[in-house]
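Before any questions on how it binds or moves, here is one chain, the form predicted alone, in structure tokens.
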């Protein structure tokens, strides 16, 4: 008869934990020596990996061998100090420890009565975020899996507060540079694409408030109900921060909900000296943050804050006869503020990281990323044949290659080639985007491991490869 026991003896668990921890620590200790982009041309590998479920268990060590020696190296190395691509994710070690604790003790945190102290710990962290965003005491929040679900929660809250049952009359507004998750969240919330207006941007890739005002007026005249504007506090393409004060004032006059997607940029609001870059954010009705970006927490950690916490609760609250009795209004109850009843313990990641590092160290790290981006942008902009399309509003900038007589197609091709040649050197990874009618190279400085040495390498490699590309093109 097959053994039905799924428990390991304590000495076995300790040995397994030691094996895993040794692999993780060895991996992190050599992270700067590993390729910043592994070989992801893995079609044959993935086909060969397909297998039926095993009938018998195996030893842990061979599984770790496959993971760390074969599969993990064949990825984008998002934990690398040279990862300047897309929007870097975090991965501070306290987050890994928190996940071990959370999964190990496996406590249920969906409702307050089942784990009061643990839920209070998460509520404390949300209060820290609220204070750092300068939201009022009435605000409430929720940890999510990322910015996509945070945006969804905010849109649902705005829909319930502003539209009620009149979904088809409702119109919402975003810019042509808004993250695609906003449109997806709108569709899931019942706001179909024909009711979503994409507003053009200015030369700095920021939403134009004058065109927004015109679009709102046109929808009013057509008998529709404008209800929501989604601004960006740091777009993915160019890092643009929309004119939040002007948009917020317009929303206040027109009675619209103003949501700020700050998945990339809102964390810079922790630094008092950088808050002018995000002026108007504290007046928003809601804001999305991604702690797995600007707070350097491991992937899978998003958050939303809503100025009127009752709007977030009203959109999500539900109960049933089998649920523990609610304790009232004094204590935070996560399932009343979001769609999940069963959930993990994401707040522990942020709590443990801030407890071990302290907020001052976090502010220093964020300020350093901003300073490094300014330094890199200044030096890259000074290179021959580089045109800076989007100087850093936060810690991201975008540029392209150009030389006399080059067509737009040639410039785009050269800029694409630059990305590939720089990344192929193996020390820094940069990516691009289509914006403003052309292809742009972009550098985003947000990995907590990125320091001056990586910036120096990035500038050196861009200079060398750009010179070679243009010289060949002009030959």
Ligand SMILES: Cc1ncc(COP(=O)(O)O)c(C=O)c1O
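Numbering follows the first chain given and starts at 1. Note that this is a predicted model, so its numbers are computed, not measured.
Although it is not shown, the form predicted in complex with this ligand is what the next lines describe.
The closest heavy atom approach of residue 147 to this ligand in the predicted bound form falls within 4.5 Å. Contact between residue 206 and this ligand in the predicted bound form is not found at the 4.5 Å heavy atom cutoff. Contact annotation: residue 229 falls outside 4.5 Å of this ligand in the predicted bound form, judged by heavy atom distances. Within 4.5 Å of any heavy atom of this ligand in the predicted bound form lies no heavy atom of residue 346. Just one of 297, 172, 263, 241 comes within 4.5 Å of this ligand in the predicted bound form, counting any heavy atom, and that one is 263. The contact residue chosen from 77, 393, 336, 236 relative to this ligand in the predicted bound form is 236, the criterion being a non-hydrogen atom within 4.5 angstroms. You can rule out all but one of 195-203, 210-218, 178-186, 400-408: in the predicted bound form, only 178-186 has residues with a heavy atom within 4.5 Å of this ligand. In the predicted bound form, this ligand lies within 4.5 angstroms of a heavy atom of only one residue of 64-93, namely 87.
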